[in-house]
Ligand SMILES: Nc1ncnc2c1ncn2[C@@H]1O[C@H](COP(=O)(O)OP(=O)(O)O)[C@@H](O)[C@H]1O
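Consider the single chain below, provided in structure tokens and representing the form predicted alone.
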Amino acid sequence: MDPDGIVAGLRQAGLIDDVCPPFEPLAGGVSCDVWKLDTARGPIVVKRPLGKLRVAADWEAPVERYRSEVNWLRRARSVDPVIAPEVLAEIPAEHAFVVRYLEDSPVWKEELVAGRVDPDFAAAVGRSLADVHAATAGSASDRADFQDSSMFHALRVDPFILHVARSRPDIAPALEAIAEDLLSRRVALVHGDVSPKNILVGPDGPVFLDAECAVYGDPAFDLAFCSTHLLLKTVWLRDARMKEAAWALMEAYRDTVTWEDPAGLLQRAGPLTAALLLARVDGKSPVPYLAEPADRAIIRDRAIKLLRAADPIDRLVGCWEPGP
């Protein structure tokens, strides 16, 4: 990593002095580089997206997606200041940006893996998501600000849904129909990557990170995406409480929907969840923690059955069997 451009940007923003503190790499997932710097003004985080993602498949994405994330963080904070970190600076020449580092805010995934499963926190995630969706639904200004769907297509629709469709002609029509419907809807501001690894357990509730896929689209995607991760963990960790968390999230979200008929949204989220479950074992970015072939087979078989059933997400979650 050549930090010269980032260091210059940090100095221009007044975030560091002549002596730059060390860049401490943080876990950035497959799509970006992330560093923590302990500055005289407090700890900060610098994030820069990658042009080629760290996966086995050939997967490229525009680095300009950092703007989508910055815009989502700022818009979410306008809805509720505690649900997203403060953006301190942008460094356009490096396609990077800086946020304030949040102390005493563990990653939700780490809490779940450690066995600290709190359905009340999952419900708070659902309500916070719905609050952002409600605040932006039908908004002409938000639709204009997030009208570019190229990043969402490159990072979500193609590698998750259409990639599987290309290799599975038996279920390709169902997956292609889901993708077409998803891309056609312009309802509210969608985060696009609501995963427990992208949510901090803050002192005042959930804090959402990594919104580089943000788009004005179908809010059902955010509900389905997060529910998918919780259901996957019921199989990985053999922990039925993950299903309870998924139900709490779904129920709290459903009860906060004001911009449309909740039943219609839950119906769209069901097949989306089935498609995403399949994508996380057979798509371009399979979840690394499902390392056992037997676990992947369980998810694959269930996902295909659920895809064909096309049930709403409340029925899908309610009927989900934790473990093998």
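Remember, predicted model here, so these are calculated numbers, not experimental data. Heads up: residue numbers just count along the shown sequence, starting at 1.
The following text describes the form predicted in complex with the named molecule, which does not appear among the structures shown.
Per the 4.5 Å heavy atom criterion, the named molecule in the predicted bound form is contacted by stretch 193 to 201, the sole one of 119 to 127, 250 to 258, 193 to 201, 168 to 176. No residue in the set Ala134, Val187 and Asp222 has a non-hydrogen atom no more than 4.5 Å from the named molecule in the predicted bound form. With a 4.5 Å cutoff on heavy atoms, Arg77 does not count as touching the named molecule in the predicted bound form; it lies far away.
Under a 4.5 angstroms non-hydrogen atom cutoff, the named molecule in the predicted bound form lacks Asp142 among its neighbouring residues. Taking non-hydrogen atoms only, Val99 approaches the named molecule to within 4.5 angstroms in the predicted bound form. In the predicted bound form, Leu265 stays away from the named molecule, with no heavy atom inside 4.5 Å.
Between the options Ile299, Val287, Cys32, Ala279, the residue in contact with the named molecule in the predicted bound form by a heavy atom within 4.5 angstroms is Cys32. Residues are counted as partner-facing when one of their heavy atoms sits within 4.5 Å of the named molecule in the predicted bound form; in 72 to 98 only Pro85 qualifies.
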